[in-house]
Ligand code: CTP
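One chain comes next, on its own, written out as structure tokens in the form predicted alone.
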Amino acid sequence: MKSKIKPLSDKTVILGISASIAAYKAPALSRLLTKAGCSVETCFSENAEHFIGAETLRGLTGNIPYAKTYGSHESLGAEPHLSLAERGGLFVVCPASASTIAKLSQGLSNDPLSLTYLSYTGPSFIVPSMATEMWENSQTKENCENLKSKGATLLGPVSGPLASGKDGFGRMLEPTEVYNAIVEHFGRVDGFLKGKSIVITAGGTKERIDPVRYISNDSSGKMGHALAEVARDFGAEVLLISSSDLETPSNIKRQQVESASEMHSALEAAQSQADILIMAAAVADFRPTENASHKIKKSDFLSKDSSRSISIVENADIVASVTFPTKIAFAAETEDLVDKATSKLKRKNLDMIVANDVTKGVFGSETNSATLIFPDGTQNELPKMSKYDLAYYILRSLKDLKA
């Protein structure tokens, strides 16, 4: 199920495309941006059309590219570099060749990209793409430092395969990485979580019996990771404490843990520095009293009647014991969903609880449904949707809390 939440609604990005082989990645970036609700205005350097056609960008963005200094489409206006510059909330030069970087650094303006950039007064991202030798040239370094001193942010480059067939620095960041940086930027500017610090836990904890066996549950961590992405996208500083093996969302600080005890320690260390805790992790209620240092052999494990009990002890009630200005937890239930979730809400002194009926194929799924329950008895039942969208509605509910 596709996400319906568009984190870049009402935003405008000017996408400047320079003459680099990596220009073929610009359409992918523009597509990501438009799907997120962003209006994308494109402008080309002098020779960029040798690498990517203006009509391709027009088809993807719905806007006419500013591709030629003279003879541009009349709908762009008499001075398109000025009108585009006024509309943009962020200028992204992607890819940025060594030549374009040099031109922008020196304030030269003889093509649509450089004309628009010189007319623009807002924040900008420069996404370099070039051969290693060009990137390592002292003049390129000086040009980049000059742009940074004037307020531009450089994204990349990174090391990897280059068009020449070599490996080295100069490779452009992938479109998804640039997209995430753009979303994060707008979130920090005016996102509804701007200025908030949020700690989010994710995944099912593992309570070791021995080095190869453990007690756990079916939680994949996807809901917690989706919450971290949404919190990042809308302006929050995020610490993700996860026992999952999922990839860390970009630009999010992560602390990997395994057991409930490790998660508890991580939260105790973070509690004095955060505004909000969202306990999305499925923490094991019990752990074995002993964790063998070696694999227990079958012959050692079973008694003569082929049975063996494992002695267990209760884990600490983590969410009840830590102190955050606002605390939200999840209740994964198979019956009496609202009653049991409400009891947990009161018992643990929470500001909100997210009640999940886990009989509906929640674990490991890309979708989820939930009922949000508040201390005053208010309930908000949310239908099945992508976990990103559900995370958005959960975090949107924070506006009425102490956070």
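All residue numbers are counted from 1 along the displayed sequence. This one's a predicted model, so the numbers in the text were calculated from it and none came from an experiment.
There is another form of the same protein, the form predicted together with the ligand; it is not shown, and what comes next is about it.
- Residue Met279 is the only one of Ala85, Ala98, Leu147, Met279 with a heavy atom lying within 4.5 Å of the ligand in the predicted complex.
- Exactly one listed residue, out of Ile198, Ile318, Leu90, Ala226, brings a non-hydrogen atom to within 4.5 Å of the ligand in the predicted complex: Ile318.
- The closest heavy atom approach of Leu193 to the ligand in the predicted complex falls outside 4.5 Å.
- The ligand in the predicted complex comes within 4.5 Å of no heavy atom belonging to Lys360.
- Contact check for Lys344: a non-hydrogen atom falls within 4.5 Å of the ligand in the predicted complex.
- By the criterion of a heavy atom within 4.5 Å, Ala332 is counted among the residues contacting the ligand in the predicted complex.
- With the partner left out here, the ligand still marks one of 121-129, 283-291, 177-185, 158-166 in the predicted complex; by a 4.5 Å heavy atom cut-off that stretch is 283-291.
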